[in-house]
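First, one chain by itself: the form predicted alone, in structure tokens.
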């Protein structure tokens, strides 16, 4: 019999969802918390680290922190200073770079002369396909900019990324990307756009550096769930895996990364360049544009979409009607759990931004802090 004193909480996953909840439970509720992660590092998909050349890279693809939630920014600011960044990306097709997301500068590139917001608005009104209630990603884009721009920037990129036609995906997939008639060429629209000054991993180290928090890495939940005593569980992993895929596996997309280090300060003119119509990869990311490192070398990362399978990494829930219906079966079962909280992207099968994950954990703490 295990005579070890039970932890108040076992938290599965050391990404934003788990780390934020652990910090709040330990600091404000004075709970004793064990955080485990099957990976050998903290930070989840937000983990970053220097490569062999000293270039700081985001290990699982670029993580562009942005938010309009002041309370989330203020909370995280306890654990990091920030480097303000305006995230800029370009799209490469037809043998040239294009401003993206679509804005007035893009429109001028299309028509080959200076223009105005008024002319762009009038032209898009002619190009648009009138659809009152767009039901999928194809409809949401053609209802905003028409077929020409949809096919140039969205159609093939989405097909590559999701291995599904845009018309088979929720409108939210492409609808997240802004369309602007001014010269705002930022990728994102949120008021606060920044990156942790010392990197995400340092932020997580500070979040989890608490005397009431124990962290175990390389530790699989299934292997220790019956050997470690705890009173309550917070689970941030795949909800279908938690229930042994009893209703069937939820579909995900995965990614493959190809790194290349070059003996030059920068490789491309922007932090991210999309390749909607050329090459098998979807984008090349040079995060050094955002981190501000001053080095004579640079490392670029080509990002290839990949099928998800056992042993791989589940990056993106696939938002279709069928996948939502399957998730609802798991969600209904989860509601019957008395001492388990499901939080984060994988446990709720949602494409959250980082600030949304943090906010959900802060909200969950308010609900759980007296338990």
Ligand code: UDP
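This is a predicted model, so every value here is computed, not measured. Positions refer to the first chain, counted from 1.
What follows is about the form predicted together with uridine-5'-diphosphate (UDP), which we do not show.
Engineer: Going by a heavy atom distance of 4.5 Å, is residue 162 a contact of uridine-5'-diphosphate (UDP) in the model of the complex?
Structural biologist: Residue-level check for residue 162: yes, a contact with uridine-5'-diphosphate (UDP).
Engineer: Contact with uridine-5'-diphosphate (UDP) in the model of the complex for residue 283, defined as at least one heavy atom pair within 4.5 Å: yes or no?
Structural biologist: Yes - in the model of the complex, heavy atoms of residue 283 and uridine-5'-diphosphate (UDP) come within 4.5 Å of each other.
Engineer: Does residue 316 reach uridine-5'-diphosphate (UDP) in the model of the complex if we count a contact as any heavy atom within 4.5 Å?
Structural biologist: Yes, residue 316 lies within 4.5 Å of uridine-5'-diphosphate (UDP) in the model of the complex.
Engineer: Is the gap between residue 187 and uridine-5'-diphosphate (UDP) in the model of the complex 4.5 Å or less for some heavy atom pair?
Structural biologist: So residue 187 counts as contacting uridine-5'-diphosphate (UDP).
Engineer: Non-hydrogen atoms within 4.5 angstroms of uridine-5'-diphosphate (UDP) in the model of the complex: do 252, 323 and 349 all have one?
Structural biologist: Contact check failed for every one of 252, 323 and 349.
Engineer: Only one of 125 to 133, 289 to 297, 75 to 83, 151 to 159 gets a heavy atom within 4.5 Å of uridine-5'-diphosphate (UDP) in the model of the complex; which is it?
Structural biologist: That would be stretch 151 to 159.
Engineer: State the residue from 228, 177, 110, 233 whose non-hydrogen atoms include one within 4.5 Å of uridine-5'-diphosphate (UDP) in the model of the complex.
Structural biologist: Comparing distances to uridine-5'-diphosphate (UDP) in the model of the complex, the residue within 4.5 Å is 177.
Engineer: Among 195, 213, 173, 140, which has any heavy atom within 4.5 Å of uridine-5'-diphosphate (UDP) in the model of the complex?
Structural biologist: For this set of options, the contacting one is 173.
Engineer: Taking uridine-5'-diphosphate (UDP) in the model of the complex, which residues along 88 to 108 bring a heavy atom to within 4.5 Å of it?
Structural biologist: Only a single residue, 100, comes within 4.5 Å of the partner.
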